[in-house]
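In the form predicted alone, a lone chain appears below as structure tokens.
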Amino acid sequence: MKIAIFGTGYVGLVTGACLADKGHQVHCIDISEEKIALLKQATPPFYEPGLKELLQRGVDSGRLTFSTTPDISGAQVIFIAVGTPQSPNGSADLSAVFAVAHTIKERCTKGQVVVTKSTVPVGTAHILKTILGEDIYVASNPETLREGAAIQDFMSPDRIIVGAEDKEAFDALREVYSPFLIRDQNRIQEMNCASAELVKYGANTMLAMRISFINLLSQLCTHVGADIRDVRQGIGSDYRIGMHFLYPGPGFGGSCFPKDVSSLAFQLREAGVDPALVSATLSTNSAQQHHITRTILEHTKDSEAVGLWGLAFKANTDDVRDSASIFVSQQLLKHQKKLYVHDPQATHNYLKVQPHATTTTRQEMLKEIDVLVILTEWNEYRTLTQEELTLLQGKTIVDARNLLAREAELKKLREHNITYVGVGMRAT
């Protein structure tokens, strides 16, 4: 099947590379000449595990091509996968989506199917239909990818959401996803466009709520002497609840949760529905970031140098958008702290936002800092070597991910007289 994709960000590029790997002929379009030049050399413009190899296979096979020219001739399905950033009023900015729609309108032919992969508010498909006209079919196919596990999620989806109003659109998307349905035809869930558009916002907001809720409990644990590790285990063992997204930390970030929760709150207000529950998710997340920062400052009153391990908003990505590291850094710099930072992948993106920090290796950092702060759950931060424990100049670790909250690690910290401060735990 011949497919065109507008946008080569996380969603568009992963979608294109995976579809090409399954045999489709995919042409990816982007306005950035620099990005397209990289992609023609099978070089991804961001870090995502496994993407480099997937791109190389697609480019070498000729099934995956890239251009700044919006050529959609012969494409049976056209995906829109451009950004929908948050506007000042909290709504989703759809200017890029509509710009692509007008570009498609100038070049489309009767019977083509235009599909939104971008996260868009309810009613967007209806507007696109108005722009594109009756001869073009419109569908909604929201992405369900986790940064850091995007390829795995695309290749082995737990469900594929398809919203449409026409049999032709449903048929086309069934063909697109047929290689992913061989073992389970029920993976594809069909509904109308409005329902599909709302699924993405509902799912992301519910997950964000779980994060905010466990973080709220972690703050209570700190005050009443409970241990969030035990509380989480007790709650998550209830089969109705489960353990997913019940990990306390420095608050959620990234390109999806903050803006999607904000957009859903806006949509609720516009519909005359009280958004209090959704809005509380955002305010609780902000409160958690302030709480983590206060905790760090409480242990750096007489200290000047702070080391941050982890700058990406989550592990296995180089994305720092709305990362806790950005907020924490800004607050620490306001208090005249000297910052040393380390991250396996995200340092270059972090420095674009926060240049007033010193980058160094893990080991060299430990010689300079008074307090070590762990902000991202990279696997390499889950243990400290004996050498690193000896090198740690200050004797305090603030672990905003509870990565070291295992008895074997805590024992090593005690042996080196290091104060350990986890989330929702008593300092040890």
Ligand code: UGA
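Keep in mind that what you see is a predicted model, and the values were worked out from it rather than measured. One-based numbering along the sequence shown.
The same protein also exists as the form predicted together with this ligand; that form is not shown, yet it is the one meant from here on.
- Note on the partner interface in the predicted bound form: the residue among 280, 246, 161, 136 having a heavy atom within 4.5 angstroms of this ligand is 246.
- Out of the listed residues 340, 350, 257, 154, 257 is the one that sits within 4.5 Å of this ligand in the predicted bound form by at least one heavy atom.
- Taking the partner from the other structure, this ligand in the predicted bound form has a heavy atom within 4.5 Å of a heavy atom of residue 144.
- The closest heavy atom approach of residue 79 to this ligand in the predicted bound form falls outside 4.5 Å.
- In the predicted bound form, at least one heavy atom of residue 204 sits within 4.5 Å of this ligand.
- When contacts are judged by a 4.5 Å heavy atom cut-off, residue 377 counts as touching this ligand in the predicted bound form.
- Stretch-level contact check against this ligand in the predicted bound form with heavy atoms at 4.5 Å: of 124-132, 247-255, 328-336, 221-229, the positive one is 247-255.
- For the stretch 386-407, the set of residues having any non-hydrogen atom within 4.5 angstroms of this ligand in the predicted bound form comprises only 401.
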